[in-house]
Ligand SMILES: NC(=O)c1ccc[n+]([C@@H]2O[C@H](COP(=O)([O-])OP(=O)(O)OC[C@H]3O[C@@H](n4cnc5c(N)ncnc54)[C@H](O)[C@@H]3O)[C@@H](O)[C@H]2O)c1
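Shown here is one chain on its own, the form predicted alone, set out as structure tokens.
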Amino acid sequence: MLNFGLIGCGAMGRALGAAVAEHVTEAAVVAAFDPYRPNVESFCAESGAKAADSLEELLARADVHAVMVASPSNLHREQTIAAAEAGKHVFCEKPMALSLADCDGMIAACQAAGVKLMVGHSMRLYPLTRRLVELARGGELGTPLYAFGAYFFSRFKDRPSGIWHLERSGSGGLLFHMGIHHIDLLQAAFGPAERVQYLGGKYGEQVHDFHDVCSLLIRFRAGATATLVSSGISPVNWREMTFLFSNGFARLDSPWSYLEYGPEEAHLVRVEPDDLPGPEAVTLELTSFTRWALYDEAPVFTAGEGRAAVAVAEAAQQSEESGGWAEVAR
């Protein structure tokens, strides 16, 4: 049995804790910490986990074998390194960190301590996105040429625990906080990105110091290209992906309730989530992490994918500052 300590008991932390309790048979959440006391108290009352008064107290518990880091993005590095130094395996929510330097520090600390590190990019593990990645990698529709991804939402959710998500220093901005989902999915399908060009603007009042509308052009090392657009001020929540292949086409509708693909419009196959086998995305990643930690089974992904997504987001930030193309670091 793998016993987790949960770091961060907001919406994502609660979702991770619920997934472990309900679906991961070889794991349990035994302790939790959140500096915002109402969050940790309500989570522990519902789950039966023990509340820790500090991160240090949580990490000192002998019955905690691993942690789930679901705290603000700017805390991921220091909390992951502290957990590794305490000998705990680490499951860290996306984005892995807010810079490549921080990602490298996290990886180095976990390697030095001999513990596992996974980054939770669950969006690519949805049944429909798993099938989309299979199409891109498997050659069924030929060579991937181009993708378009859109992620529009109405506003960031209000959080009584703080406004870190509204400031670049806490969240990294739109591409680190939300666009990172599509960045990871595109690299899973097309391979590593090579360079990017950013364009964006700030038009609303909610976010403090980063753009609330942006576009990103991406060129991949294998030759494909993509356009990613995102906004936090859309009146309609909208999430869509379209892929063009040398011998076909694929599209995820909004809100990703079906995938259609095929060689031409008259011969498109339509699949829905229930048509595809496999567990729900968060359950899949947490089960994989648990079995990786317990039995050293090959994981669905590791920290390398988390670092690769941050590399693109960091290059986008460089492009935003320079106004030109930016190379994606390896």
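Note that residue numbering begins at 1 and tracks the sequence as displayed. What you are looking at is a predicted structure, and each value in this text was computed from that prediction instead of being measured.
Quick note: we don't show the form predicted together with the named molecule, though the next part is all about it.
Exercise. Within 4.5 Å of the named molecule in the predicted bound form, do we find a heavy atom from each of Pro35, Gly120 and Trp164?
Worked result: Every residue of the spot touches the named molecule in the predicted bound form.
For this session: Have a look at Ser73, Ser99, Thr129, Gln197 for me and say which one sits with a heavy atom within 4.5 Å of the named molecule in the predicted bound form.
Result: Result of the distance check: Ser73.
Problem set entry | Which of 109-117, 210-218, 251-259, 87-95 sits within 4.5 Å of the named molecule in the predicted bound form, heavy atom basis | Stretch with heavy atoms near the partner: 87-95.
For this session: Tell me, yes or no, whether Gln79 is in contact with the named molecule in the predicted bound form, where a contact means a heavy atom of each within 4.5 Å.
Result: Contact check for Gln79: yes, within 4.5 Å of the named molecule in the predicted bound form.
For this session: Classify His177 as contacting or not contacting the named molecule in the predicted bound form by the rule of any non-hydrogen atom within 4.5 angstroms, answering yes or no.
Result: His177: yes, in contact with the named molecule in the predicted bound form.
Problem set entry | Interface membership of Val312, the named molecule in the predicted bound form, 4.5 Å heavy atom rule | Val312 lies outside the contact set for the named molecule.
Problem set entry | the named molecule contact at Gly17 in the predicted bound form, heavy atom, 4.5 Å | No, Gly17 stays farther than 4.5 Å from the named molecule in the predicted bound form.
Problem set entry | Heavy atom contacts to the named molecule in the predicted bound form at 4.5 Å, residues of 1-32 in sequence order | The stretch 1-32, when checked against the named molecule in the predicted bound form, contributes Ile7, Gly8, Cys9, Gly10, Ala11, Met12, Gly13 at the 4.5 Å heavy-atom cut-off.
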